[in-house]
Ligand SMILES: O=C(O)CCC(=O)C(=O)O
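Heads up, the chain below is alone and in the form predicted alone; it's given as structure tokens.
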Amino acid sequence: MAVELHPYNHGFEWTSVRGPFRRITQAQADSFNRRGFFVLEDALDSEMIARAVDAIRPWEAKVEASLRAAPGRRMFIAEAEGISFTVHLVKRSQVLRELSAAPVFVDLCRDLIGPDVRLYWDQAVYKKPEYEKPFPWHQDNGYTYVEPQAYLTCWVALTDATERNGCPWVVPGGHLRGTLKHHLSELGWVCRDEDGPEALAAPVRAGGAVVFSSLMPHRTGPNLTQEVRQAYILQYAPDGARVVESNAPCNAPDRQYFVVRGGARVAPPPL
């Protein structure tokens, strides 16, 4: 499928990750390099999932209430009783702050990014029952263009994510050209309009994570079930990353703190 590059994307070259690795296998590293993603099962245990869900619940409820009161019952890409985005939860919850620097994510950062890594973004994305709209094909770096372009997304399933309730879909190898041109639609920024034969579903059980590059084109399908599909997304960038349009460094002290420095885990600052 023909695609255009983002106007800021000049001379991008994918840098392959290489061992030795602390957490991932060589097969997972190969998949990340060639296909741009892998699924990591059992990243979190049931107790940690329950704590995360409890920590998110009151803040997501406030977001849902705001959406219901908003004109048209929506704000940008969020929609009441449809899909909610509860952002910067690490500014509100010590539980989620500690989760963002849990050993599994620290190891993934060291294996896939390098020795000096900060949390870049966190958000809970809840897709409500019988919400038939997909979330369209996009790259995370297509929303806010960051350099280096390739940072890390950990899409953590708090409930089982299936093809029926809106699991991620990916385009294997779609990360290799860097950030693509996006256009704005009612449902969000879009880098491709059709699945194409190469599109692949990435279902994941509760507690697992779909681990992918910020350059991976991905989407999620509709939720055709009676339950809320719950996900918590953690994104990590190398120290020194900057937002291109504003030239702002990605180092906000209240939420973009180090999780790895000099190859060692860094405990997040307390609230």
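Please read these numbers as outputs of a predicted model, since none were measured by experiment. Note that residue numbering follows the sequence shown and begins at 1.
Although it is not shown, the form predicted in complex with the ligand is what the next lines describe.
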>> Can you tell me which of 173-181, 137-145, 189-197, 95-103 lies within 4.5 Å of the ligand in the predicted complex, counting heavy atoms only?
In response: 137-145
> Looking in the predicted complex, any heavy atom of Thr162 within 4.5 Å of the ligand?
Replying inline: no
> Any of the heavy atoms of Ser214 lying within 4.5 Å of the ligand in the predicted complex?
Replying inline: no
> Are any of the heavy atoms in Trp155 no more than 4.5 Å from a heavy atom of the ligand in the predicted complex?
Replying inline: yes
>> Since only the chain is shown here, I'm wondering whether Thr220 would be in contact with the ligand in the predicted complex (any heavy atom pair within 4.5 Å).
In response: yes
> Just one of Ile113, Val90, Leu119, Ile83 has a heavy atom within 4.5 angstroms of the ligand in the predicted complex, so which one?
Replying inline: Ile83
> Exactly one of Ala206, Ile233, Leu224, Val53 has a non-hydrogen atom within 4.5 Å of the ligand in the predicted complex; which residue is it?
Replying inline: Ile233
> Even though the chain is shown alone, can you say which residues of 117-138 have a heavy atom within 4.5 Å of the ligand in the predicted complex?
Replying inline: Gln123, Val125, Lys127, Phe135, His138
